[in-house]
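Listed next as structure tokens is one chain, alone, in the form predicted on its own.
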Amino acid sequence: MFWNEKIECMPREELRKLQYEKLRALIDNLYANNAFYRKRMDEKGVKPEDIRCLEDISKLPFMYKSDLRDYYPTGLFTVPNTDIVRYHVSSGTTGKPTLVGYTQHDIGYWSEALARSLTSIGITKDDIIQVSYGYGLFTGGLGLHYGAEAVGATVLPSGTGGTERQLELMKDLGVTAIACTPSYLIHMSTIAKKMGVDFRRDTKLRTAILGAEPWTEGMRRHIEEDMGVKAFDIYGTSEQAGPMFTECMERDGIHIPGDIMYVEVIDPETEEVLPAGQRGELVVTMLQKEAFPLVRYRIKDLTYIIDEPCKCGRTSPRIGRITGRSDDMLIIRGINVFPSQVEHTLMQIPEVGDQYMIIVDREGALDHMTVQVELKPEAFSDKMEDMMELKRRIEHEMKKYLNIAVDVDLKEHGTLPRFEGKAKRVIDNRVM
């Protein structure tokens, strides 16, 4: 099922030609009319006429998160304020937040991208979608809202919080799909069990659209087995526009509409462009963005490009599952550790539940990492020897997969904090 079959199934060479035309028009306009981009290109010694093919995009300078903060609030905008119809603001952790402006055209292609994505996972006008992402300054809620309405689906704009009420509405209204973070869906499942709600028996929920935080295949399996839904990954950042791109029914990578965004993957150290299939840092160029263009913007998310055609028939390139970020990587005694690696390891252990916390401390000159692990109710025991054996087994698995010794602290079910938005999985006391 396609929303825009002409574009989604366009022959690869025609798509590349279209991408080049859009890229060249974008660069010509920015160089002529925007001081920031012209200065950056002049510093790199590149002119618009030097971009003669798509591969020449590597001649252009990178953009960084720091640029967005240095030119806050509107220094990077390329349209007059009268053309701005909406602002969104990111929840930055340091310095100024990221302010993104949208023209009516920007809102339109955002909705178009989501309409294609939702259609690719089987969402139609017959669906009722519960949008449990945050509304307001965060892009998640309104993004899914507009995309769902574009395909004709009915939207329940529930936002985050009020979980018991959300579950009641899910049952009463016959909700068939939910969009939220994976951690919030797990939280909903926990509350549902306390309420005596069985998703398979008591609801019509069949599709979960999950994103805004890294999650693993193990977490997908856990959610699907627990709730009887089919879970799909969705990707997007506030700088791009918000959540936009999903897997299709094949679930073999996230489709990137080539007429909307051009993607590269680079080695974060050498900044060299990597071939398809090789994992590195994602770099994006938004080909249609009017108010707030991005050219070779370093997202910091770690992934790889899948260049082989998808069985679904779509010809656009895909990216693999985001496994972490190059800037939130933990370095523990010289070893690189990502929270997603910890989650992946834990999800292989039958006794482990779905909640964990990583705590990093510095003891003298050495880093020490503790993983608090919540057990399933039936796995927790009063027998000390059983708990010690399980602790040793989990620590052994951690060392095997992470190449570093980790202290595991077993927790009874329900004792670790729950999160209604993005889950906070890491407490790094070295930087406090």
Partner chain sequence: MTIITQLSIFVKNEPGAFASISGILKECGINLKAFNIAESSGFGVLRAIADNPKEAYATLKDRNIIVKLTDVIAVPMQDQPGGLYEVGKVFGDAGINIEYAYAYAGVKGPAVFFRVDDPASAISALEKEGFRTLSESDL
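Positions refer to the first chain, counted from 1. The structure displayed is predicted, hence computed values, not measured ones.
Keep in mind that the form predicted together with the partner chain is missing from the display, and what follows is about it.
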item	value
4.5 Å heavy atom contact, Asn33 and the partner chain in the predicted bound form	no
is_contact(Glu378, the partner chain) in the predicted bound form, heavy atom dist at most 4.5 Å	yes
Residue contact check: Leu410 to the partner chain in the predicted bound form, 4.5 Å heavy atom	yes
4.5 Å heavy atom contact, Leu54 to the partner chain in the predicted bound form	no
Position in contact with the partner chain when the complex is considered in the predicted bound form, options Arg69, His368, Lys391, Arg40, heavy atoms within 4.5 Å	Lys391
Heavy atom within 4.5 Å of the partner chain in the predicted bound form - residue from Arg221, Lys194, Lys311, Arg200	Lys194
Location of the partner chain contact in the predicted bound form, chosen stretch of 59-67, 383-391, 360-368, 46-54 [non-hydrogen atom, 4.5 Å]	383-391
